[in-house]
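Quick heads-up: it's one chain on its own, the form predicted on its own, in structure tokens.
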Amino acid sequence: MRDVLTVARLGGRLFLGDGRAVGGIAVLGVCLGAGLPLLIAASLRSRDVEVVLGMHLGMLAVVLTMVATTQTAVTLSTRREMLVLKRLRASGLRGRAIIGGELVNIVTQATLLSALISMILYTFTYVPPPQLPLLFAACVVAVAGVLALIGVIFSIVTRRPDLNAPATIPFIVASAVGAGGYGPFVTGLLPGWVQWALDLLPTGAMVEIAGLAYRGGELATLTGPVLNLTVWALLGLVTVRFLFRWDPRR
């Protein structure tokens, strides 16, 4: 655990040292995650908490996917090409500590950004805080972790850093549609089998768990979403265990 935290702190310092990256992620995340729900809330003639909450959760899923999946893929590919990963391994750190530390760093960033977005909406709209705040927090952390693992898979499939971000765009779009990020009208136009397939993505599980956290209800209904996230996490862990490469492209 100490090694994981050491790598996480190193990754955090490298990230904070890049002012453009910090500013870009913060501005884009807030504009998407808070800006669109704010516009929807202001444009409605009467207060409709469900509509604004649905947009909030949908855009939060988009932000988590962009921060966790895309940033993980780009970060690991870049550090692989710059031989940072090999140097870390040569220092005596184990592979699981290196990747685990990078994931802890990125999940922390995604969680803090999600908290900022949520607080903005609680302050400037009529969306109430979740009735089960601990469940909501656990949901954000768990989904960010699973999405970060998927980002590691993207870094395996697309090993060039300049192609990692474009390669994740279809996944981001699918996650946004499935989570309701484009509004209920767009989601309602999809065939049933497409909606079913998109619900299998981690962001589909996030919307269900976070929705329960906001509205309250029986935790027993979360068996499906929790199983969804567990399967994606196991898939990511197995793929990373057997397919991750430490050497740069030749």
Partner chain sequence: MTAIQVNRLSKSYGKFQAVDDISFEVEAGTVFALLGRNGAGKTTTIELLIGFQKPDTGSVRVLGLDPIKDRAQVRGNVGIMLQEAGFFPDLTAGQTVEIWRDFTPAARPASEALELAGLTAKAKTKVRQLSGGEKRRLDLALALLGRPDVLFLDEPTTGMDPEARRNIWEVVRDLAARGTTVLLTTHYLEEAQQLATNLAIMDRGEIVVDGDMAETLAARVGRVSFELPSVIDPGELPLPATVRGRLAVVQAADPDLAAQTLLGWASERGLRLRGLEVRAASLEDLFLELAQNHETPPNGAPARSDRPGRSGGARA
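Residue numbers count along the first chain shown, from 1. Please read all numbers here as calculations on a predicted model, not as lab measurements.
What comes next is about the form predicted in complex with its partner chain, which does not appear here.
Trainee: Could you tell me which stretch in 77-85, 166-174, 122-130, 140-148 has residues with non-hydrogen atoms within 4.5 Å of its partner chain in the predicted complex?
Mentor: Within 4.5 Å of the partner lies stretch 77-85.
Trainee: Do residue 157 and its partner chain come within 4.5 Å of each other in the predicted complex, heavy atoms counted?
Mentor: Outside the cut-off, so no.
Trainee: Is residue 90 near its partner chain? Define near as a heavy atom within 4.5 Å, in the predicted complex.
Mentor: The answer is yes: residue 90 has a heavy atom within 4.5 Å of its partner chain.
Trainee: Should residue 245 be classed as touching its partner chain in the predicted complex when contacts are defined as heavy atoms within 4.5 Å?
Mentor: Outside the cut-off, so no.
Trainee: Determine whether any heavy atom of residue 22 comes within 4.5 Å of a heavy atom of its partner chain in the predicted complex, and answer yes or no.
Mentor: Because no heavy atom of residue 22 falls inside 4.5 Å of its partner chain in the predicted complex, the answer is no.
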